[in-house]
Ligand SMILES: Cc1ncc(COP(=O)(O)O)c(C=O)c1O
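Take a look at this one chain, the form predicted alone, written out in C-alpha cells.
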C-alpha cells in the first residue's frame, strides 16, 4: 500500500511534496478541503464532495483554479496511482501564495490545489461492536457567526484543541457545545440521537453545522428504512438522556456512542437503530460506487 500526492495536478511521492511557506493555507489557514474515502477502490460520493468544496470555496471567496470536473479527474487518477485496496483522500484548496505578506485576500491571485491519497485506516471493529466514549467541549468555532458558517475550512484549531481533551479523557471524539449549551456537531463529525420512541434527530443547518456527506446519506438510508427523522437543536442534557447516540463521518461511517462525559448513554451498548442504520449505510455506499 502506498501514498501519493498531486500538487496542481502533478503527481509526486509524499517525501517530494512541498508547498511554499508563503502559501496562505500555511500562514493563515486560508483554505478549504474535503475528506473522501473509497469503497471497492472507488471514491464514494465524489460529485457531492466536489460540489461542497466549490460551495466552501465560494463562501470564503477562493476561485477554483480548474473546473470541478478536472478536480474529479485528478482525484480519480491519484487513487489509481496509489493503488491501494481502499484509500483515504484529502483534497485541499488554498488561496495560494500572496505577492507579499498580509491578510488581504487580494494579494493572492492563483489558488493552489493538493490531493493526498493514503491507505485507508478504518476504526477498529471493536469500536463498532462496543461503542465509544465522547466528551463535551464548549467553544465557538472559527466560522461561527460569519459568512463562512458551515464551510469546511482549513483552520481546524478548535478541533485540534478539542481533541487534546479527547486524548486526556481516553475518548474517541468531542461533541462541540455552543454558547446556548447545544450540541451542534462533533469536532470532526455530525451528531445524531435516537429518541426513546425510535425517532432519529439531528441538528438543523441553521445551527451552523457542516452538512456532512455521510450525514446526508444517513438521512437517505433512514427514509428508506422508514425511520422517522426530525431536525432539532440538541441541548447537551437531552443528548445524554437519549436512547441512542452516534456520530458520522466519511472515514468512521456511523460510530455508536455509549457514554458522554463518563455518563452512560441508553443501555451502555450500541443501539439497535444505530446498528441497523450502519448496516444499511454500508450497503448503500457499496452499491453507489458500482452504479
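Numbering follows the first chain given and starts at 1. Predicted, not measured: the structure shown is a model, and the values here were computed from it.
The same protein also has a form predicted in complex with this ligand, omitted here; what follows describes it.
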Open item on the list: Does any part of residue 87 reach within 4.5 Å of this ligand in the predicted bound form? Heavy atoms only, please.
Closed with: no
Open item on the list: Under a 4.5 Å heavy atom criterion, is residue 52 part of the interface with this ligand in the predicted bound form?
Closed with: yes
- [ ] Verify the contact flag for residue 152: yes if a non-hydrogen atom of it lies within 4.5 Å of a non-hydrogen atom of this ligand in the predicted bound form, no if not.
- [x] yes
Open item on the list: residue 248 versus this ligand, in the predicted bound form: is there a non-hydrogen atom within 4.5 Å?
Closed with: yes
Task: Listed range touching this ligand, judged in the predicted bound form by heavy atoms within 4.5 Å, from 188 to 196, 126 to 134, 112 to 120, 71 to 79 - done: 188 to 196
Task: Of 213, 97, 166, 221, the one that lies within 4.5 Å of this ligand in the predicted bound form (heavy atoms) - done: 213
TODO: Would you give me the residues of 154 to 184 that have any heavy atom within 4.5 Å of this ligand in the predicted bound form, in order from first to last?
DONE: 156
